[in-house]
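Read the single chain below, which is given as structure tokens and is the form predicted on its own.
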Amino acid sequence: MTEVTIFVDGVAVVAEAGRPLGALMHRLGPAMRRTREGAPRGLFCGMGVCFDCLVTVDGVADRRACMTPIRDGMRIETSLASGNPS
């Protein structure tokens, strides 16, 4: 696999191209977003069914991290950074 650099909430992260973004996000920390009540949410099913891993990828909101392959230079924004709970 080829190592590439992506940006998660503005922080550069080295990752393997082609791997699911959700796997990387799970490695970085359990929470990608929070419920309206503040409870952490992250990767749950890992196969595109539950929609618990929604992130913004290159400005496109509500992308399922578990279904998105990593590619060089992509910019990921979690709701933790934006303050939006979902």
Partner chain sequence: MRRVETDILVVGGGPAGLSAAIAAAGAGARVDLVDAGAAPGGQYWMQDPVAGATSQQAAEGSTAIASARAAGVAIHSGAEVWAAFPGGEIMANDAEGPITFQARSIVVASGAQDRVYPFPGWTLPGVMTPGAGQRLAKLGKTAPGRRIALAGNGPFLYAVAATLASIDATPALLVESGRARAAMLGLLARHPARIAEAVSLIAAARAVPDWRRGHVVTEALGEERVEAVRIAPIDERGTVDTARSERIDGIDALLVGWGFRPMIELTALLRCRHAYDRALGGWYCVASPSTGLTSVEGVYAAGEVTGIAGSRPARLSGTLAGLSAAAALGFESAGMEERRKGLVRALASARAFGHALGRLAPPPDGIADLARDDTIVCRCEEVTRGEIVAALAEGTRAVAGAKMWTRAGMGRCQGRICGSAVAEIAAAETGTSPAAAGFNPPRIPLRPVPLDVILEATRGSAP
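Residue numbers count along the first chain shown, from 1. Here the structure is a predicted model, which means the values were calculated and not measured. Only the largest set of C-alpha atoms that superpose within 1.5 Å between the two forms is called the rigid core.
The form predicted together with its partner chain exists for this protein as well; it is not shown, and the discussion that follows is about that form.
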Query raised in the report: residue 62: heavy atom within 4.5 Å of its partner chain in the model of the complex?
Result: yes
Query raised in the report: Does residue 75 make contact with its partner chain in the model of the complex, using a 4.5 Å heavy atom cut-off?
Result: no
Query raised in the report: At the 4.5 Å heavy atom threshold, is residue 13 in contact with its partner chain in the model of the complex?
Result: no
Query raised in the report: With a 4.5 Å heavy atom cut-off, would you call residue 55 a contact of its partner chain in the model of the complex?
Result: no
Report task. Output the sequence-ordered list of residues from 33 to 64 with at least one heavy atom within 4.5 Å of its partner chain in the model of the complex. Result -> 33, 34, 35, 36, 37, 39, 40, 41, 42, 43, 44, 45, 46, 47, 48, 49, 50, 51, 52, 54, 62, 64
Requested in this report: State yes or no: after fitting on the rigid core, is the Cα displacement of residue 49 between the shown form and the other one at least 2 Å?
Outcome: no
Query raised in the report: Does the distance between the two CA positions of residue 38 reach 2 Å or more between the shown form and the other one, the core being superposed?
Result: yes
